[in-house]
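One chain comes next, on its own, written as C-alpha cells: the form predicted on its own.
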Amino acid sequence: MDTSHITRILILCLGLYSNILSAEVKITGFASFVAGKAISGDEFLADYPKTGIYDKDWSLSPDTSVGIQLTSDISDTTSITVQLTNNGASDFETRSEWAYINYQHSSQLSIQLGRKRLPLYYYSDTFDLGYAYNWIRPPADNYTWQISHYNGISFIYEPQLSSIDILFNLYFGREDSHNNELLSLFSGVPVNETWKNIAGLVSELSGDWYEIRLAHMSSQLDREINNTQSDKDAKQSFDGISINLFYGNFTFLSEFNFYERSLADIEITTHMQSLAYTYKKFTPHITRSEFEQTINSSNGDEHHFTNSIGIRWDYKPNIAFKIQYDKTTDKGITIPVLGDAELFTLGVDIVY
C-alpha cells in the first residue's frame, strides 16, 4: 500500500470518527518562510532530501514550508495522527510526513502503525519544524539521505529511572520512492529506490545537562536507474550517535554517523558539531558539518563540508527570526555535488 493510500485512510478515519461521535480533532501548524541566494558559486544545495537548491537570484522556494498536524483520540488508549506538509522545493505539493495510529498499551509502552519519519538522526522527527532548532535548516552535509520515511510499525518504550529520561524505539518497515528526488538529480535520469526489510533501534538517555542518542538501522536496497535494475537485495546499515551538552547559556550539539553498503564497496561518514549561546532572546551559533565517501572500487567518491554561522531571535513565544551564512567546500573528485559555494538566508519560523 503506497503512502497516499495510508494518508487517505487515516484522514477518512479522522473525519468519520469526529462526525459520528463529535470527537475533538486537535489541529496544530507550523510554517517557515525563508529567502536566500548563493553569494558565490552558481548553485547551493541546501536541502538534500527535497533537493532545495539556491542560485544567484533571491528565492523563497528551497527552504519555505507550511505544515498542519491533525490528532484525534479514538478512545482512552488509541489516537490517530496525520501531518501534511507543503514544501517550496517540491513545488508546494502536499505530502504526508506522518500518518499513523497510536495505541498506548501502558504509561511506558506505545505502539504506532503507519507512516513516520525514519529516525536516523537527532532532528529526524522535527526536520520540517524549523522552530525546533536554531539553524535555518539542519546541517545538509549530515542530513543527506535519499530516504526520509518508512511505512511500518514501531514500539516505543519509556521506562522511568529516577531523574533520567530513557527511550527505546524499535521499528520495522519499508519505503518505496518512485523517481527519487535526490538520486534522480545526481544521476540526471529517473531513479526508483526501495528500502525493504527495514529494522531499526533508537536508544535515548537524557538528564538535566546532557542527551545521548544511539541509532542503528539495517535494510535491503533495490534500485532502478532509468528503468534498469542496478541493485537488488543489497544489504545496507546505518549507525549513529548524538551527544548534546547544556551548560548555563551554552548548548553543544553533535552527531556522528556511519553508513555501509558492502556489496558496492560504499562507506560513508557524516558528522556535525554546533555551539550556541543564548543571551535573552538572541542565540548566535556556529556549526561545521561534513560528508565523506572514500574512493571505492568503482572510483566513486563524495566529500564536502560546510561552515555556518547564524543568529536566532525569539521575537515571540511562537515566532523566531533567523539569519544564516553557509560556506560549502566541495572536495569530491569523481562525484562533485554542486561545487564550492556560499549562501545567505534569512527567515521566520512560526508555530501555532
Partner chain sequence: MNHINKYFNLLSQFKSCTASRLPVFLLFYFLSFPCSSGEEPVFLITGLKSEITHVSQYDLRKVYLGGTAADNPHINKPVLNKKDTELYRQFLKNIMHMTDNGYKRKVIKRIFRQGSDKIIEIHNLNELDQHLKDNPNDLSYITESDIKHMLNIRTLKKLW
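These numbers come from a predicted model, not from an experiment. Numbering follows the first chain given and starts at 1.
The same protein also exists as the form predicted together with the partner chain; that form is not shown, yet it is the one meant from here on.
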None of 69, 61, 294, 40 but one has a heavy atom within 4.5 Å of the partner chain in the model of the complex; the exception is 69
Exactly one of 181, 231, 176, 204 comes within 4.5 Å of the partner chain in the model of the complex through a heavy atom, and that residue is 204
query = With the partner left out of view, is residue 101 within 4.5 angstroms of the partner chain in the model of the complex by any non-hydrogen atom?
reply = no
**Report entry** residue 122, heavy atom within 4.5 angstroms of the partner chain in the model of the complex
**Finding:** yes
is_contact(residue 90, the partner chain) in the model of the complex, heavy atom dist at most 4.5 Å
no
*With a 4.5 Å heavy atom cut-off, would you call residue 118 a contact of the partner chain in the model of the complex?*
no
With a 4.5 Å heavy atom cut-off to the partner chain in the model of the complex, the contacting stretch among 219-227, 192-200, 250-258, 137-145 is 250-258
Contacts from 204-242 to the partner chain in the model of the complex (any heavy atom within 4.5 Å), listed N to C, are 204, 206, 207, 208, 209, 211, 214, 215, 216, 237, 239, 240, 241
